[in-house]
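Have a look below at one chain only, the form predicted alone, in structure tokens format.
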Amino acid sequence: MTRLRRLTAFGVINALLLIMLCIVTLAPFLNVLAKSLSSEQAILMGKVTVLPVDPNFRSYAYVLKSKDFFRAFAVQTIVTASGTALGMTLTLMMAYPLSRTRLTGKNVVLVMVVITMIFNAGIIPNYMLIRRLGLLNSLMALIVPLCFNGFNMFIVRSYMQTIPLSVIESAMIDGAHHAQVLCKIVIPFSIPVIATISLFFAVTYWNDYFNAMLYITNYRLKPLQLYLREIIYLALDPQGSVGTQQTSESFMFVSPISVRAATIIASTLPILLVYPFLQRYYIKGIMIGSVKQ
């Protein structure tokens, strides 16, 4: 009975801590959502917390009518989808051979990958490289720099090492070559980790704006996150010029702060909607290496 009480007390305390953590995590998001739906007067007077005051959808109407928003959204979507596909392809092609025990020179390659995780050339060398490759003002400048991550490769490699070697050897005895083994055996076995790492790549590409600041000057190729950054600056200084085609007249009937919040919500929702479809794979894939057999 005493042990049961102790477990019950621990469960109650644990539940309360988790509820508090959820509140702390959700409060900023709810505050931004409330500001996107509130009037300018309520926002300036500090009345908005986690519930909207004087609810209206003028800010969302303004954002969704903007051609710049949909152009930036399309660019961000293309970059995210293409970058995730390319990143997973490169990761799988590198993780599979490095997961095999008989690969000659495997340790040298692993050391080289680890070095890339520790050291970075810096902004100027990276910019010079992108310019020499002729990728400035192109979508490839947003895709190539992030298409490989050593940490993600190690996670996929560790998962592939858990696949029974007998399954792969039996397929090769039947005449399958490595490409067939990878496509028909290893990848189907690795669906959980592929879903997990794909989500990592997608979030990285979706949230990236720094590379666009460095490599993109054509406003037609600016991604959503860079557009969001300019909206924030425009909200802080409506009379200033930050590179968008919007002017201070556009903010005559809407609150700049509310427009900024609406843009944040509109740009965050798509990546949030992807997570429920990958949740079951994500939970299984993120537990890689936690249990040893």
Partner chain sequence: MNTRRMMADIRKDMALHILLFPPVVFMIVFRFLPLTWIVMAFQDYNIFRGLAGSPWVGLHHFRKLFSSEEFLLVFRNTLIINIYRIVFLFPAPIIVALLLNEIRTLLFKRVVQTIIYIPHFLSWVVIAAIFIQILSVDGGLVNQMLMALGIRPVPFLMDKRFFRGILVFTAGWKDVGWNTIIYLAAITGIDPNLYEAAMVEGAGRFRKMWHITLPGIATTVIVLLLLRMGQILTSNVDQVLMLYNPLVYEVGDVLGTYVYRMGLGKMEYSFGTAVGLFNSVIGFVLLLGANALTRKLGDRSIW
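Positions refer to the first chain, counted from 1. Predicted model only: the values in this text are computed from it and were never measured. Think of the rigid core as the biggest set of C-alphas that the two forms share within 1.5 Å after superposition.
What comes next is about the form predicted in complex with its partner chain, which does not appear here.
With respect to its partner chain in the model of the complex, the three residues Thr49, Leu129 and Asn207 uniformly fall within 4.5 angstroms at the level of their nearest heavy atom. For the chain shown alone, Arg229 is a contact residue for its partner chain in the model of the complex, at least one non-hydrogen atom being within 4.5 angstroms. The closest non-hydrogen atom of Asn31 lies within 4.5 Å of its partner chain in the model of the complex. Its partner chain in the model of the complex comes within 4.5 Å of a heavy atom belonging to Leu182.
A residue is said to contact a partner when one of its heavy atoms sits within 4.5 Å of a partner heavy atom; Ile43 meets this definition for its partner chain in the model of the complex.
Of the candidates Ile163, Met213, Ile78, Ala171, Met213 is the one whose heavy atoms come within 4.5 Å of its partner chain in the model of the complex; the others do not. When its partner chain is considered in the model of the complex, only one residue from Ile191, Ala85, Leu133, Ala176 comes within 4.5 Å through any heavy atom, namely Leu133. Residues Met112, Val113, Val114, Ile115, Thr116, Ile118, Phe119, Asn120, Ala121, Ile123, Ile124, Pro125, Asn126, Tyr127, Met128, Leu129, Arg131, Arg132, Leu133, Val144 are the members of 112-144 with a non-hydrogen atom no more than 4.5 angstroms from its partner chain in the model of the complex.
The Cα position of Phe70 differs by less than 2 Å between the shown form and the other one after fitting on the rigid core. Put the two forms on the same core and the Cα of Gln225 is off by less than 2 Å between the shown form and the other one.
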